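There is one chain below, alone, in structure tokens, taken in the form predicted alone.
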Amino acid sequence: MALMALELGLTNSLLLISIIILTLGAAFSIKDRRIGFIASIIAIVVSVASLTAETYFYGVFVAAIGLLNIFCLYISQNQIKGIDYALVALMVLATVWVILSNNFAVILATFVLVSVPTYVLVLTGEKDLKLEVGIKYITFMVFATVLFLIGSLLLVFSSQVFSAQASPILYIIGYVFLILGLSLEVGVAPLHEWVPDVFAAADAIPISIVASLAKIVPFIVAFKILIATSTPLTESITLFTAFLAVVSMFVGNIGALTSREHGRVLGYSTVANMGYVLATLVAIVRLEFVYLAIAGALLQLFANSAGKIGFFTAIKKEGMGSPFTYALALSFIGMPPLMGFWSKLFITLSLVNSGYLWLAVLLVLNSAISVPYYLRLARELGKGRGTGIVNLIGLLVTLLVIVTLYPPDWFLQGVKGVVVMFGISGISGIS
């Protein structure tokens, strides 16, 4: 216990140091944007040092995604040059903190810390502010945050004050609100109306951050709260989540198949991918298999992040080397042994073991439906040879999705440790 307390104190100290570095860098970047760039990288590196053995691989993936986002911002132009690096680094710190903390207030704070910076980023562009896009996005995100927070509070209140038998209605309302808030936040159909329009109209680089880094924390927070407040009612209400996941898969994939504008196709692709990840939440009915669901969800989020960063950069710079676009497309499709294959395999296994065979079958079917539009994206965005810097980004994101050439049992074992940390044993302030 003393060792754990010492590790926790060191973790919090390093994260605090990261925030101080980030704050100073953002302040001085007004005079020289390179200061903000360097400070953001240092803050992310320091945050990685705070990781435990169980969370190491998770943190490295998150840091890699954050650094790629910052690098993409560096080669583009916008109205807040320098501050934008700090906003992305802040999102990285929140994404690291959420996996390490078992405090209810802290994990809800990380949800807000990841969401709010995107309000500013989505407004930015090379030539002018994207006011119409920003207003639409911010409006939906405010509603999503309110629904998610109310749902979280109701679930915690019902688990603390009442038994499941005494207050089933309060638990059900809290569960539904949390899932609806999560769905609106990440773009799950039928609450996805903002996604295709915003992805098509916003600047490609800022929206790649929304499509990648911003998606991770909401699902981790949802897992932590739903596991900690799980009751006998959970098994029956998870059908609601499964229904939304199926709708999102089909709406996203069919929408992408019938769209031609690259940004809109990637928007619908996100809707489908968020449906795959949402499906993992049904696994909380069988806690002995929840580690498979969390591993699958995280790998799917990482594969989605790499793909969106790569494709949106190709849109911005009008082309990327075709080997990189095809590698990303095959990962999205789920071709072994790329990351997208392992994520879908773990998700499918978790669904089958949780008694949702039909949902696993529909997930595999939707993966097959997605093949034509991902190959089309790879062909159209991989036509040009691309500039050197774009191909460097393509190489880096491709390396991220091929890291699973070595079967990711190493990641699965880490997730088992994480589940013991925050899942089965509960969350302080909740149980």
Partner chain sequence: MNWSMNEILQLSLMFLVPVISSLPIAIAWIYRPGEEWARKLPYLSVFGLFISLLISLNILFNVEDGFYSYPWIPSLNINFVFVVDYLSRYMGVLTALIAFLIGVYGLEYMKDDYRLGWYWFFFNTFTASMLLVVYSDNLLTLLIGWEGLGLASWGLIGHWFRDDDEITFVGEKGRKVGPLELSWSPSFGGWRAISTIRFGDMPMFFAIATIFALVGTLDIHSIPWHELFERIGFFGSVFLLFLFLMGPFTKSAQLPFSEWLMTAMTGPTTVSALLHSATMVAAGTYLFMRLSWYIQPWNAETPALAVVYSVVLFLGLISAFYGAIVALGLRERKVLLAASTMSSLGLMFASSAASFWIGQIAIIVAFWYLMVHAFAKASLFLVAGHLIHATHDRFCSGDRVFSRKMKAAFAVTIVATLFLSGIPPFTAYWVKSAMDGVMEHLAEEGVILPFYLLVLVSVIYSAFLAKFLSLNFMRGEKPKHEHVENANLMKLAYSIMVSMLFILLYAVSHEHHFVEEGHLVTSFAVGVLVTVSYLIALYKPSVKAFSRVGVFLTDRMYLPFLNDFIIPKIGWFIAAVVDYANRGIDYFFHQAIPSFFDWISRLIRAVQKGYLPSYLRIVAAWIMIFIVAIAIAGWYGWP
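Because the structure is predicted, anything quoted here is derived from the model rather than measured. Residue numbers count along the first chain shown, from 1.
Just so it is clear, the following notes concern the form predicted together with its partner chain, a form of the same protein that is not shown.
Novice: Using a 4.5 Å heavy atom cut-off, which stretch among 199-207, 243-251, 350-358, 217-225 contacts its partner chain in the model of the complex?
Specialist: Careful reading of the contacts points to 243-251.
Novice: Looking in the model of the complex, any heavy atom of Ser259 within 4.5 Å of its partner chain?
Specialist: Yes, Ser259 sits close enough to its partner chain in the model of the complex that at least one of its heavy atoms falls within 4.5 Å.
Novice: Does at least one non-hydrogen atom of Lys308 fall within 4.5 angstroms of its partner chain in the model of the complex?
Specialist: Close contact is absent here: in the model of the complex, Lys308 is far from its partner chain, nothing within 4.5 Å, heavy atoms only.
Novice: Hey, in the model of the complex, does Arg264 get a heavy atom within 4.5 angstroms of its partner chain?
Specialist: Arg264: yes, in contact with its partner chain in the model of the complex.
Novice: Might Gly125 be said to contact its partner chain in the model of the complex, defining contact as any heavy atom within 4.5 Å?
Specialist: No, no contact at 4.5 Å.
Novice: Which pick from Leu153, Val116, Leu287, Leu233 sits with a heavy atom within 4.5 Å of its partner chain in the model of the complex?
Specialist: Only one option qualifies, and that one is Leu233.
Novice: Quick check on this chain: which one of Tyr326, Trp97, Phe140, Phe104 has a heavy atom within 4.5 Å of its partner chain in the model of the complex?
Specialist: Of the listed residues, the single hit is Phe140.
Novice: Suppose contact means a heavy atom within 4.5 Å; in the model of the complex, does that hold for all of Ile172, Leu180 and Leu184 with its partner chain?
Specialist: Judged in the model of the complex, Ile172, Leu180 and Leu184 all sit within 4.5 Å of its partner chain.
Novice: For the stretch 122-137, which residues lie within 4.5 Å of its partner chain in the model of the complex by non-hydrogen atom distance?
Specialist: Heavy-atom contacts to its partner chain in the model of the complex: Glu132, Ile135, Lys136.
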